[in-house]
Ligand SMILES: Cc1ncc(COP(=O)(O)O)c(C=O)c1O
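Below, in structure tokens: the form predicted on its own, a single chain.
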């Protein structure tokens, strides 16, 4: 079932880049505007009463969706904000190490490098070779970065640039055995692949709702296990610090009460979940995921480089990254956008260029066929600077 008519996307473009910023359906966007209007009509009542009531309702819905308690999460603008809360408060001594991978999102790399440098600690970006052959190979590669100085792990459940699903549950289990703090970047996970935070048992988890959960932009969350919630200082000092009327926990007071701001996007979680229900979204996701499995090898064949992982749903969701033997990613991106009106990311990670396809419910096989045609024509035109 194609649900293109439900979305607000510009019909003049073929949108194959859901992974970057998501796309919000009309009904969820209308719910968002409803809350914004309620705020402007009765701002005092909204901030003192109705908004807080709806925020709790939204948190309860989100918590049930992710298998955790509502009091263990707070909404944030984005995952970068959430990880800043964690990294700024994490006590690190000179020589301590944060173990991660060389596939992490660039903004997250910058956060950890900044705070590690301030503390004299090290951010270890352990190399995960590609093509990735198996889950066991990944796990073995990751733990080569462990040392007696490792204090915590930071890892993506689904990577942004290489679009790979990492075996985070197994990594968290081993990290717990080693006494390490476990911090997971799940920006691409909610609404994309199943998530149960109680089963995953990570100490800290952040995810974006404005990507695959289809909410308006600026809706994400930070989850923290109750045993460590008091370890994190507020990123912004406001009414929640030394609160006149303390709430349920310092964690909620510190990170939820931040002065006047429009948090209408946070309130759309129930509308997003209702949209999923009304559109039989599990079937939509299965079809979109199958589209990736059916087309990944085909896309790789255009330029002759193979897939970067086995073509199975163990490693692939509704995204795949195709390696390209070209020198300048912007050459291809500009041609695709200007001449073919295809919106899709082309980027360089380390020394490798990738193009990343996202298949959301509004993407059809015809759209993917059009991308294949465009890439083939561009390849044959000789306009790209190829690697020798």
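Remember, it's a predicted structure, so these values are computed and weren't measured experimentally. Residue numbers count along the first chain shown, from 1.
If you look for the form predicted together with the named molecule, you will not find it shown, but the lines that follow are about it.
Peer 1: Considering non-hydrogen atoms and a 4.5 Å limit, does the named molecule approach residue 79 in the predicted complex?
Peer 2: Yes.
Peer 1: Does the 4.5 Å heavy atom contact test between residue 269 and the named molecule in the predicted complex come out positive?
Peer 2: Residue 269: no, not in contact with the named molecule in the predicted complex.
Peer 1: Could you confirm whether residue 164 comes within 4.5 Å of the named molecule in the predicted complex, counting heavy atoms only?
Peer 2: So residue 164 does not count as contacting the named molecule.
Peer 1: Is residue 20 near the named molecule? Define near as a heavy atom within 4.5 Å, in the predicted complex.
Peer 2: It does: once the named molecule is placed as it appears in the predicted complex, residue 20 has a heavy atom within 4.5 Å of it.
Peer 1: Is the named molecule in the predicted complex near all of 105, 108 and 188, within 4.5 Å of a heavy atom of each?
Peer 2: Result yes, every residue of the spot touches the named molecule.
Peer 1: Just to be sure I understand the contacts: of 214, 158, 98, 183, which is the one whose heavy atoms reach within 4.5 angstroms of the named molecule in the predicted complex?
Peer 2: The residue from 214, 158, 98, 183 that makes the contact is 158.
Peer 1: For the chain shown here without its partner, which stretch in 142-150, 115-123, 249-257, 71-79 has non-hydrogen atoms within 4.5 angstroms of the named molecule in the predicted complex?
Peer 2: In the other structure, the partner sits against 71-79.
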